[in-house]
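For this one, two forms of the same chain are given in structure tokens, first as structure 1 and then as structure 2.
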Structure 1
């Protein structure tokens, strides 16, 4: 295992896994295709619903075996993002593949058994890991949204059958629901009463999706991913600055503690330690080191005078 340092993230673009959900016809696919250099994996055979000018290279797998055969490095050199459209149909292909693989994964009515849902869920996670870690691609997963009644409230959920819903959300870095507010299309990345979403690295709240036109490129997700990576780099820089400040504070505190020889030097050190501006865990660590040192000299702290005294003889 090669242990790496946080600063190694700087200058590297993190690949992003994102889920987009919304009602049919709201423009989910077009938005998904605004990701960097996308390959459209058109499981729904809905390419004709995308305006011609926003179409990109695509495949239309008719089976999960066919999809796996397509998703190999030599086929994907020209692409940065794999757009699965839709995730629901991808899971259907997986389900048919699973039941063909082993009848115990299916039921008489053609649906998955409990074991089948578990198997498909694991295969979904394996596919996501393969695309992300081995193929090194961004992943955008498109899902239809459905309404579910919860008492008097109507909530939006991704259209997924059975227990695979958790498997779908787990690997995602970002997850947003598309809606129409007034005349604007928006995508929400923060949890609310209406839907479950997922935002990280400063991507949160509700963002307006720009209108498209002849002079307006379809690049919303490309810019969003750049923002995500910029925030990641800023967080690393801040962490490195804190780490440097922490190391400076620790060296200063350790030098003070090293000079403790008796009660007089302990009291002087105590006063100097109180002047230190701590960073991260320096307060707890230096306090522990200070206590270890005074205890090793058997010094006694007088709570009234707030001073250390030499141990009483006899």
Structure 2
């Protein structure tokens, strides 16, 4: 494997992993299909609920084995995005596959055992990594949302059993909850009392999903992904510059600290440390390293003279 540098991301279109959640019937699938050149992986067999003009090429796997057999490079040359609809049903197929593979992953009532949940969680991550890193596709994962009471608040959560619901968020770059606000359909990417979403690279807050019509293409996510990539380039440029400045300051500070041997060199180092222009948390980190060094030499700081002195004999 070749080790690559963060700046190599510049000029490349990053593939994006996104989660969309919302109530049934709110238009999640149509929104998901607005991603660039999508393959609709219709695990729910709900294609007929999508308006005919927004339908795209699809597969309807009846088992997880069948899905894995379909997801090979030669089948996917014409597609940029894999839309899993719904993620909940994908996990159901995965669970059945796991229990068939090894009975210890299941319980007598047909549900997953604790070990089974762990196994399915890992397989979900493996599938996401495969689609993203090997097949090099965007991923859009559609989930139904459910309301859960939390004290006085009602929160929206993705409809997934067990701890897998935490795992599915881990690889995602973006995650939005769809809701109706007035007459508009919106998708929210910022955390709030109602839900915990995932927004990065300037994709945040609540975005209005445009009305579709005969002369309006279904391309909301295609445009959103372009915006994300544009922001990524900007952010990487800025972050790289900041990181380089931080590393330079840290190296400089560490070199100063390394020279401390006694009270005299500590005082000289203290003066040099004061001249440093800090970046990010270098001030705290270097100050701590400095204190560790002078303490290891048992040097004493005189608050009046503001100088280090050698330890008293005896």
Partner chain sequence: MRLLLTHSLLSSWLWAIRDNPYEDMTTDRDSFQDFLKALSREPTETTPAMQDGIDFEQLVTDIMFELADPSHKWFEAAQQVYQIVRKGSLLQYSTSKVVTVAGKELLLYGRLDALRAGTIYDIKFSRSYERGKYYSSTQHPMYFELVPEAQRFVYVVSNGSEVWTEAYDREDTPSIIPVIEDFLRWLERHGLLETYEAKWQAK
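In this text, the rigid core denotes the largest set of C-alpha atoms whose superposition between the two forms falls within 1.5 Å. Residue numbers count along the first chain shown, from 1. Predicted model, so just to flag it, every value in this text is computed and none were measured.
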{"item": "Number of the structure representing the form predicted in complex with its partner chain", "value": "2"}
{"item": "Core-superposed C-alpha of residue 282 shifting 2 Å or more between the two structures", "value": "yes"}
{"item": "Residue 258 C-alpha shift between the two structures of 2 Å or more, rigid core reference", "value": "yes"}
{"item": "Residue shift check between the two structures, rigid core fit, residue 242 Cα at least 2 Å", "value": "yes"}
{"item": "Between the two structures, how far the Cα of residue 297 shifts once the core is aligned, in Å", "value": "20.3"}
